[in-house]
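Taking the form predicted alone, here's one chain by itself in structure tokens.
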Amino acid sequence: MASEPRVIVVGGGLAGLAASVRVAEAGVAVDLFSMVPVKRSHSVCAQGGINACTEPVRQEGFSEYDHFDETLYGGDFLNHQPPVYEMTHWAPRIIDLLDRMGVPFDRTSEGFLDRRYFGGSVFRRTHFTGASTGQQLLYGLDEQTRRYETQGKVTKHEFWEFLWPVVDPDGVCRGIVAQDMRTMEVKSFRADAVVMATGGCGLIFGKSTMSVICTGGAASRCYQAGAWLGNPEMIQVHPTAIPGEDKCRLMSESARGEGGRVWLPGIQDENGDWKPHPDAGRHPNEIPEDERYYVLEEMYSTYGPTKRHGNLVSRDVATRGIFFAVQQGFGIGGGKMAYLDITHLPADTKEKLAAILEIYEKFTGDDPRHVPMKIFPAVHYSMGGLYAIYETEQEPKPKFLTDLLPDDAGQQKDPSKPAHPGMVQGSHYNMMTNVKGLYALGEVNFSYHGATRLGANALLSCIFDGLFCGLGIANYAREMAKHDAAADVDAAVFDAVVKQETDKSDRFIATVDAADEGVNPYELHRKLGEIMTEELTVVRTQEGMKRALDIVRGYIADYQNIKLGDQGHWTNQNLSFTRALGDMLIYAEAMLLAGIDRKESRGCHYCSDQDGRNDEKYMKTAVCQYDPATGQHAVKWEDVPIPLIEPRIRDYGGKKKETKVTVKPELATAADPGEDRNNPDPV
């Protein structure tokens, strides 16, 4: 029986709000779920800006295609090209839309949108609002969401935690089960399509720049319910963060984009080689200019028109530069710190960075306008996430077009014209997971950023995902409501999942009165974060990842004896965290298995015991599948199609080449000679 279509959106950050607005605009009702008020979603923490080739950038010689190429290059060519093409070509329109919504972008004295440099590009193509861009974009989209809320098209469910997707016996997602985090009521909600926009999984690493809600628990629950993961081993470590006792706080790439420089105390010998400073603990303002080792400028001196552009190499490259220098003894006072220095910048430039400078001063007591900031790399972003498909006219087609989609998917709509390079607009399949009716948007979607995300592409991918894919999601929900509505599904399908989650909560609550001491969930989480940070961040080895896998599997066994400290039936945060910890452990196991299986170095997956990038074997997506009956994971490899830009060596002008590349035999004989791709001098 036909019914009014409904879409559930889980997550109130930029991707979730953009999707809600677009689906509501298409005339389909939305239920929006968020663990926190949507204006406190993690997107609010984004600082630096959003990339796009707007007209002023185009006049400087940049193009949407350059943006497309930079994004693939930054991602070490593991990105899916049609979605990236579509995103980068939509970017100027998204900036125009946000501008019309009232987002207060910084402007030049002539009234044009101001722009700054950002990592992975020598063009100023990053648009910004001071150093709080994420907050301003989030507030702008929240206002649009409220507009549809007043019209009855969007219903917000703030302080509700997603617990599990409801998947019927035919494998179709029909809704979700969620818990009110205040009353602890567990309840099911029906929908004709469900959108996961739940962000990253930084809490698996203990301390990161991510908010405490970024556990990856929601993605892990979908994974355990049958959705696949794509490239979960790809985790970005940001080069500049403030280490803290509770978490790490981001010092945005905008500081380097505005001219900030990274340096370490050092002494140059008669041969011009830098050595650790004998008095590296001295106050930074007392260290003269010629005793400052500008590590990234020295290592990447030919990247960009000036030597200082070396500070703007891709994040994984910058992180390794700082990390290795500190390992060699250059750290501040011999410890694990480097300086990020903006003291030399003009006052009006510092004013643009006021939002992050105030954060630094608040948490350290030093005013970074006058004293260089102490920073060190920290876990920041998840390139991997839920596996998602899309429809494209491009050849070669992804394997899922034949495995998961109907025969007519991907057919050229107008044979008289060239095949469209991007995604098919309005398609039901854009960013649908392998579970029919379950979508993944934003950071939880693995498709866009490959092996490393470029700075200021995160906000773009989140908003693009919601706006572009929202139409297809609305179309899908409308079709399902006509012919196979969630409203008609047997109540027993929903009741079974409610019982599953209620029983799970009851088992946790029952541990409070158990006689044995049990395992403290916070202590177990601390240990998980330590081993994952140690073995799956900046430098990885087979031995280290296998050691971490054994330890994490031990923690999974320990988790069976977990014990809560709070049996309250009102706002029980202890229950929420402990439940998420179990999901984090399973996600961590998948990350390690994929990392162990990927025997190469690519982007953030830098393995000191592997011989560079291996396109012949690993120009592939690691697809992880979970069997809940056995608790076993399977890692399968799926070719990354290369319809538009062939992979090439990734080199940001380093004195030593970043990566040795082994190419596929057919590419070695292509127009670009294979010998140019095979660098004999790997790090």
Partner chain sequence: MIASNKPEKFTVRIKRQDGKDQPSYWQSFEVPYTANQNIITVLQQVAANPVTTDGKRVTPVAWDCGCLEEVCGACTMVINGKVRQSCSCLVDELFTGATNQTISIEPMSKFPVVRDLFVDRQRMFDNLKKIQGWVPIDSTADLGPGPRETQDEQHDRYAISRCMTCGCCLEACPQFTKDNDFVGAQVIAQALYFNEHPTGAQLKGERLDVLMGPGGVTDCGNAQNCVKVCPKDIPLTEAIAKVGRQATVHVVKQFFTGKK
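Residue numbers count along the first chain shown, from 1. Fair warning: this is a prediction, and the values are worked out from it, not measured in the lab.
Only in words, not in the display: the form predicted in complex with the partner chain, which the text now covers.
No residue in the set P396, V539 and K636 has a non-hydrogen atom no more than 4.5 Å from the partner chain in the predicted bound form. Of the residues T302, Q500, N520, Q224, just one reaches the partner chain in the predicted bound form with a heavy atom at 4.5 Å or closer; this is N520. Checked against the partner chain in the predicted bound form, the candidates A485, V435, L467, M532 yield a single residue with a heavy atom inside 4.5 Å, and that residue is L467. Contact between Q179 and the partner chain in the predicted bound form is not found at the 4.5 Å heavy atom cutoff. Interface residue remark: I359 is counted as part of the site for the partner chain in the predicted bound form, having a heavy atom within 4.5 Å.
In the predicted bound form, P288 stays away from the partner chain, with no heavy atom inside 4.5 Å. Using a 4.5 angstroms threshold between heavy atoms, D246 counts as touching the partner chain in the predicted bound form.
In short, of 111-119, 443-451, 384-392, 233-241 it is 111-119 that has heavy atoms within 4.5 Å of the partner chain in the predicted bound form.
Looking at 88-106, the residues that come within 4.5 Å of the partner chain in the predicted bound form, counting any heavy atom, are R93, D96, L97, D99, R100, M101, G102, V103, P104, F105, D106.
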